[in-house]
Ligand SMILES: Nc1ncnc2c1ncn2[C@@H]1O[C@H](COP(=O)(O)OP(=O)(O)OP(=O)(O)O)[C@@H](O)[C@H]1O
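This document starts with one chain, in the form predicted on its own, laid out as structure tokens.
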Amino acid sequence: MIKVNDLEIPTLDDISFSGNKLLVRIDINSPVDPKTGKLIDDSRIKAYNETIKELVNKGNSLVLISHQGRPGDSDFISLEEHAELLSKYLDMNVEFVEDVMGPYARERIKNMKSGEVILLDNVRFVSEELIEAPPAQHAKSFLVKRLSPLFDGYVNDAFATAHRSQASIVGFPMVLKSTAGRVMEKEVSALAKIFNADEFPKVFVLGGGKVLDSIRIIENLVKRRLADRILTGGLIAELFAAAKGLDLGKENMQILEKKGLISLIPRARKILLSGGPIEIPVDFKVEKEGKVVEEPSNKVTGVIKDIGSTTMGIYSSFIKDAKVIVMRGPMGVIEDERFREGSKKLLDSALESQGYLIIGGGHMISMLGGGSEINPSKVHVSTGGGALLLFLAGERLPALEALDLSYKEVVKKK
């Protein structure tokens, strides 16, 4: 069992499935080329090899269910190509069923043999899947009522959709013996470290351009006293520097104003006044008249593009002493080679430390290339997206709550 706050999430080690027919919720929602309608990134599809192979090797027959895009969007397509790629990476046949819950899908599921794997079509072709509702309501949906009698159990391996309260995510656990898959388990186990009081000091490195998201995360971390240090970079660092009254220069203040961030300064100031453990860069790497120079953070004249070398040293020392390090967003404009140093230096410090590193997706994943040694036992690269953000911001995740409730209401009562 994985304990996260007041939730207990069962894994495949707690509920053993052997020789059963299982519904497995995965998330293979992938970027699509709007011109060709073909997938342009299949990394999420590769992620499910471990869960699927483990369950097949135990004699289970599996029905995979996932979504792709939203109605009206260019990436709202069938899962036929996804099935082909699953077959390729699993080195086994994954049959595509061009149906979700109609007579053809139900008949095919009824006639499945041990070890067979099928992928149903895009679950969002069913309008009920687009409704956000409580688990008890979704348990009465047509999707759940028509499919659940055909299965012995349900496995949720789609952490990236854990923030959704939709039928395929929270409805089935109310009526079937349910557990987290291996992808979900790894994500939740890694993130549980953030809420474990025994794992300290905890250092959060927050950068990038998603300032409102970062503010929400920081407010939750400070309120719950989860962070020993919060190291800021990118636009979030500029926001806190402005809130502290530092002279960032006219151009940088105009950038904050243009991005609609000036209104967030009072929120940042409130966090600072509450004694939040926020670290602001003492110097920045700036672009000035086409040249790269370093300037102190209390008198900036160029356009801020990265943290300065003194800040890199200070931040690295905090990181090297940490037991848990969470990195989300780069320190500078990493698309420009001249301003990658801050992010790379901090990432290397985290990889060299004795702490457990959680990389929160996005640009920081791209920084892992270029010779950085990665030890999977001490580094977790999250694919959680919106679920990770809400988890860090203190929001409840319906998928986890449904698995917890299922274990208490469905499994224990049986």
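Throughout, rigid core stands for the largest set of C-alpha atoms superposing within 1.5 Å between the two forms. So that there is no doubt, residue numbering starts at 1 and follows the sequence shown. Values in this document were obtained by computation on a predicted structure and should not be read as measured data.
The same protein also has a form predicted together with the named molecule, omitted here; what follows describes it.
Colleague: If we take the named molecule as it sits in the predicted bound form and superpose the C-alphas round its site onto this chain, is the site open or blocked, where blocked means 3 or more ligand atoms come within 2.4 Å of a backbone or C-beta atom?
Modeller: Answer open: no ligand atom comes within 2.4 Å of backbone or C-beta.
Colleague: Check, residue by residue, if Gly208, Gly332 and Met364 all come within 4.5 Å of the named molecule in the predicted bound form, counting heavy atoms only.
Modeller: The answer is yes; Gly208, Gly332 and Met364 each reach the named molecule.
Colleague: Does at least one non-hydrogen atom of Leu235 fall within 4.5 angstroms of the named molecule in the predicted bound form?
Modeller: Within the cut-off, so yes.
Colleague: Check Gly360 for me: does it contact the named molecule in the predicted bound form (non-hydrogen atoms, 4.5 angstroms)?
Modeller: Contact check for Gly360: yes, within 4.5 Å of the named molecule in the predicted bound form.
Colleague: Looking in the predicted bound form, any heavy atom of Lys345 within 4.5 Å of the named molecule?
Modeller: No, Lys345 stays farther than 4.5 Å from the named molecule in the predicted bound form.
Colleague: Are any of the heavy atoms in Lys305 no more than 4.5 Å from a heavy atom of the named molecule in the predicted bound form?
Modeller: Yes, Lys305 is a contact residue.
Colleague: Could you tell me which stretch in 323-331, 275-283, 105-113, 239-247 has residues with non-hydrogen atoms within 4.5 Å of the named molecule in the predicted bound form?
Modeller: Selected range: 323-331.
Colleague: At a 4.5 angstroms cut-off on non-hydrogen atoms, which residues of 382-405 are near the named molecule in the predicted bound form? List them in order.
Modeller: The stretch 382-405, when checked against the named molecule in the predicted bound form, contributes Gly385, Gly386 at the 4.5 Å heavy-atom cut-off.
Colleague: Taking the rigid core as the reference frame, tell me whether Leu90 has a CA displacement of 2 angstroms or more between this form and the one not shown.
Modeller: After core superposition, the displacement of the Leu90 C-alpha between this form and the one not shown stays below 2 Å, so no.
Colleague: Superpose on the rigid core, then tell me if the C-alpha of Met112 is displaced by 2 angstroms or more between this form and the one not shown.
Modeller: Comparing forms between this form and the one not shown, the Met112 CA shifts below 2 Å.
Colleague: Would you say whether His163 is displaced between this form and the one not shown, judging by a C-alpha shift of 2 Å or more on the superposed rigid core?
Modeller: His163: C-alpha displaced by less than 2 Å between this form and the one not shown.
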